[in-house]
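Here's a solo chain for you in structure tokens, the form predicted alone.
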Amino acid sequence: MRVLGVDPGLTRCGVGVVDGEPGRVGRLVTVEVVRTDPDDELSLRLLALDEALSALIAEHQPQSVAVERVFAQHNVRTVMGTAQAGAVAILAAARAGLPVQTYTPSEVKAAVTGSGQADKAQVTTMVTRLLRLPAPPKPADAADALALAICHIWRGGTQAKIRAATLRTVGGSR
């Protein structure tokens, strides 16, 4: 399964593509941080983010997209920008006909490190190990995007298998 993970942000949006299967070592396809200029108009920043994400989807052909779910923060302006960037990622995936799953930061941390309370350094260390990277991905937005992709491969892939097995069982009993 190939997954595009998105750590949404208006100034810095982490994007990582990983190939993998549940419970197995993944393979890094690409990772980058899409940046927009805070001095630009909001509409232009969102458009630039949409164009970059759409280009990455077209180039790398993921089978699904995992986006970090916005959680409450004290800084409303930061929350708004993160939510807007997340919505752009979801829209770009929907436009490409791809399924999208959102995960909370705690779900991603738990999937990658075993603890929903892990800090950014622990997440980066585990992403580096799980993908057998020669060096940690930087900045943290890049590592977080890869963690999202890994989380979806492991959790989303398993959930899809359970749904498929359930459908086979229900379909077979009729």
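Heads up: residue numbers just count along the shown sequence, starting at 1. Remember, predicted model here, so these are calculated numbers, not experimental data.
Below, we turn to the form predicted together with another copy of the chain, even though it does not appear here.
With the partner omitted here, the residue from V70, A118, A140, L28 that has a non-hydrogen atom within 4.5 angstroms of another copy of the chain in the model of the complex is V70. Of the heavy atoms in L46, some are within 4.5 Å of another copy of the chain in the model of the complex.
Another copy of the chain is not shown here, and in the model of the complex it never comes within 4.5 Å of any heavy atom of A58. Taking non-hydrogen atoms only, L42 approaches another copy of the chain to within 4.5 angstroms in the model of the complex. Although the partner is absent from this view, D50 contacts another copy of the chain in the model of the complex, with a non-hydrogen atom inside 4.5 angstroms. Heavy atoms closer than or equal to 4.5 Å to another copy of the chain in the model of the complex belong, across 120-143, to no residue whatsoever.
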